[in-house]
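Below you will find one chain, with nothing else, as structure tokens; this is the form predicted on its own, and questions on how it binds or moves follow later.
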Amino acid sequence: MALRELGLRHFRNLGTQKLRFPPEGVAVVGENAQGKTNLLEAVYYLESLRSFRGAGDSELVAFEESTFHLRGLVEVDGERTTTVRTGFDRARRRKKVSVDGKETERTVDGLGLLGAVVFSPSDVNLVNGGPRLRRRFLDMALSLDGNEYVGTLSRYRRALANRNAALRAAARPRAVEAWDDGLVFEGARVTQMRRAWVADWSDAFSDYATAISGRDSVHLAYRPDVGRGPKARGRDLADGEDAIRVLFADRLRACRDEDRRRGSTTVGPHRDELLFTIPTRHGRPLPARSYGSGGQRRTAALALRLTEAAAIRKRRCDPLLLLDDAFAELDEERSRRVMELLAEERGGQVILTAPKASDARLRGPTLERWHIRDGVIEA
């Protein structure tokens, strides 16, 4: 896939513009605070229908405007095209999505039409930050891969919200337990799909981490919350959803009193963890978040994005790479190795940003240079 055209209206500081992208991509050059990241955010919004920076939809609307609109013309296999449109009305708090002129019945039906991956210096927060950010990464990777996960996660969250509401209201036990079956059924499916994704891609992640650093090894592991209880010992979550449901139901029963005291559900996939660990000479892996060097943590973040790109390449298409000054905080050796890895992979379209033309090194002089100032892009 390739993004051929992007129409912008009132998205952040980008005003009203229509851009045509070369098949290979572009390097967008400009000083800080001119709108480079806003452009990548707009492109990725057409893929994920959300900001990769965690901003709410209302924050994406330009000052003194009430709505934003985006239109993307996506070329598929160099032959046919798909038009994706999306917009958000701040006053009505409503998001609309259409594909080839037809409004989607559900917003999620517009997900994953570009196959885009964002590389940003802020990705290190996936390692440094709390588990919520890592769960969000897993949810996004799986959601963009197919709508089955989106629906399962949505039903799990709905059951969780209803159960928590009953707990906060100090409802009778039966009113709380009425939500347990749905919570366990959907939660086991969420756990199984997350577990399978990490199992499929953990080796690739380690290979990327070693290739980036040239020496250090970082490992990726999934720690499902339902596998933490004492009854989990001796039970293999790889046995499938039925085994996970048994564990989840056992933990819910064991934690009923604790849930009532706290007024919330204390076990389940909403408390899962994605772990980055570094090996030690003593054989016990340590969390990279606490014990890894700055270079190791940045390596882990880049390896995760390269793994995400590899997953898209295998299951959907050559990914559209969005590089937001991605090498700014890397040392020269790591930067060179990442560029070599990106060059070695079957390359899709690239849109990268840099403060200076000399920093736009990926693919050398072959990428067309655009310039941006005060949100206005000049080819």
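All residue numbers are counted from 1 along the displayed sequence. Here the structure is a predicted model, which is why all the values come from computation and not from measurement.
Beyond the structure shown, there is the form predicted together with a small molecule, which is absent from this document and is the topic of what follows.
- Exactly one of the stretches 309-317, 43-51, 332-340, 56-64 approaches the small molecule in the predicted complex with heavy atoms within 4.5 Å, and it is 56-64.
- Contact between A33 and the small molecule in the predicted complex is found at the 4.5 Å heavy atom cutoff.
- Mapping the unseen interface onto this chain, Q349 falls outside it, with no heavy atom inside 4.5 Å of the small molecule in the predicted complex.
- Taking non-hydrogen atoms only, N13 approaches the small molecule to within 4.5 angstroms in the predicted complex.
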